[in-house]
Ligand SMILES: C[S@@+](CC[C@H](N)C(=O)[O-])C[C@H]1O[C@@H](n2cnc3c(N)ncnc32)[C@H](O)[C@@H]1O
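Given as structure tokens, the chain that follows is alone and in the form predicted on its own.
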């Protein structure tokens, strides 16, 4: 058998590109591992499987069979071209123009694995794929789905834990891992929900909040207006964004010089950004001066940088008609301007101040100083000297509450029982809980 691998001679780049985009096109139907943990460098599963398979197969391997095994059971490039034309002409291509499910959903069959073993000349368990910087685990995940063995790790401990939960535990424990996870999730929610009461304003039935969007604020040194900082005010493709309405009060230096926000649907109606290249721009019409970046840093370092809620992202459950005349529920994303009840910052800050001393004492929040470095020096220029300074009060309150509840679940006798000053659990307690947790 030749030592030249298929990946050195051929790879269906265009088809893989379209399938990779198709894999991520639906934000509500991403591959399941995407919902385990957000990882900023997660590779598409179809591209990962293709890279692994093409690295194992010889250069003369059956290319049609290769496409089948990675889940491409049609011509995604030609279909994409047809869809683009149909958008211009108004042609209806039906609910499934590709003619097959997204590639990542295809699980290689026993026949597929037998073909791989025959093509490589080795039984699958004896083939190992090494990925020393596995990140979110896409490559080892697809390696295991192909029936081969994976050796993977990552320098980042968060990535290493994600890797175990993505690849090791499901393949080792099967549905028992899922059942344990679901039981723990239910117990976590039961304990945590009462602690979050009042942190998030109530919403009507059928509305689910996706996120609250905040802007950092400074005070204009020339007119004393409160300036929300953002490089642009876009919210979504198609023109959805924010328009600022500056309230001038009684003129420069007076009280009440703040901005309110409206959601607009046209790019031309959006307000221009208020910060660029480190410098700010005052949005008040009777000022409009450039605010030097050093002034912004000085205010931040003095603890005078604040935050202002400028938009709320939500999903609303609506009923839509299908082509057969039936009604089905659909979640539609929307944006709205903040209401007074959305900004309960004073209550959140008070609750955080009450909990923070205890959380810092038992290492539930990252109170360590941010070390100097190529990237880590930047937040220090804006007065963020500890890791916990990177979080807003609401974020820190919610994260701290979650860690507190989780530790209570690990040590049922109390939030501090069994923990050392550094927050590490003694070895004996770890072993006693390792099976269930």
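Residue numbers count along the first chain shown, from 1. Here the rigid core means the biggest group of C-alpha atoms that line up within 1.5 Å when the two forms are laid on top of each other. Keep in mind that this is a model prediction, so the values were computed, not measured.
There is also a form predicted together with the named molecule; it is not shown, and the following applies to it.
In the model of the complex, the named molecule lies farther than 4.5 Å from every heavy atom of residue 85. Contact annotation for residue 246: none of its heavy atoms lies within 4.5 Å of the named molecule in the model of the complex. When the named molecule is considered in the model of the complex, residue 81 lies well away from it, no heavy atom lying within 4.5 Å. Residue 170 falls outside the set of residues with a heavy atom inside 4.5 Å of the named molecule in the model of the complex.
Residues within 4.5 angstroms of the named molecule in the model of the complex, judged by any non-hydrogen atom, belong to 130 to 138 and to none of the other stretches in 130 to 138, 347 to 355, 303 to 311, 190 to 198. Think of it this way: in the model of the complex, the named molecule has a heavy atom of just one of 180, 265, 156, 281 within 4.5 Å, and the residue is 156.
For the stretch 18 to 39, the set of residues having any non-hydrogen atom within 4.5 angstroms of the named molecule in the model of the complex comprises only 39. Relative to the superposed core, residue 381 undergoes a Cα shift smaller than 2 Å between this form and the one not shown.
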